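Take a look at this single chain in C-alpha cells; it is the form predicted on its own.
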C-alpha cells in the first residue's frame, strides 16, 4: 500500500487535509486515486495512520483516519551518523541508503580533508526531501533528523553528550572492530579519510577508533556498510 508523509499540522481530529501540490498531483495524475482508496500516512512521530481518501480536488486531498498503529519497521538501535561532507551526489546516496537502513539522525561534518566545505539552503532542502522520500519508500515512520553542517570539533562535542557507544572509523585501526549497542554514534570520514590530529582529538574525547575491515572503502560505501553491520 502506498505511503506518504503528512506534516502534523495537516491533521485535524479524525481527518487529514493536505494541500501539498506534489502530493495532490501524485494522487491524481500518477496513482489515479479515487475516493475510497486507502493509504498509510505518517507524520514523523513513529505512528502510522490508515487514511481513506474521501475527497480529491485540484487543490487538496482529504483523508478519514480509519486506523492507526505504531510503526512496524523502525530499527531497535538508535544510530546517529556523523558523516563527513562528500561530493553532493554521493552524500545524497548516503542519506537515502542509511535512511532505508534505519539511522535516526545524520550530522554533516566538515572535516579537514572534506572537499565540500558548505551546504546551501537549497541543497539542505533537497537533502530533507531525500530523507522524506526514503522513509516513505522503506516503510519507516520516523524521518531521520538532519543537522546543519558543523566542524569536526563541534561534532565531537555534540557526540560526547549523546548516550551509548561512540566510535570513529579509521583505516589504520587494526585491533578494535565495530561495537554493537542500542545507542551508537559513528563517525565516517571524507574521501581522504580523517587526519591523525582528528583521530587524536576523537580518542582524547573518549571516542573509540574502530576498523571496518582490511579493505579500504570509499566514504559512501563505508557509511552504508557500517550501518548495515550495526543494525543487523
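Positions refer to the first chain, counted from 1. Fair warning: this is a prediction, and the values are worked out from it, not measured in the lab.
What comes next is about the form predicted together with S-adenosyl-L-homocysteine (SAH), which is not displayed.
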Practice item. Select, from the options 34 to 42, 163 to 171, 65 to 73, 47 to 55, the stretch whose residues sit within 4.5 angstroms of S-adenosyl-L-homocysteine (SAH) in the predicted bound form by heavy atom distance. Key: 163 to 171
Check your understanding: Looking at the partner-bound form in the predicted bound form, is residue 192 within 4.5 Å of S-adenosyl-L-homocysteine (SAH) by any heavy atom?
Key -> yes
Point to revise | Non-hydrogen atom contact residue 17 with S-adenosyl-L-homocysteine (SAH) in the predicted bound form at 4.5 angstroms | key: no
Point to revise | residue 213: touches S-adenosyl-L-homocysteine (SAH) in the predicted bound form, heavy atom cutoff 4.5 angstroms | key: yes
Exercise for review: Spell out, yes or no, whether the shortest heavy atom distance between residue 24 and S-adenosyl-L-homocysteine (SAH) in the predicted bound form is within 4.5 Å.
Suggested key: no
**Study point:** Contact check for 188, 219 and 222 against S-adenosyl-L-homocysteine (SAH) in the predicted bound form, heavy atom at 4.5 Å
**Key:** yes
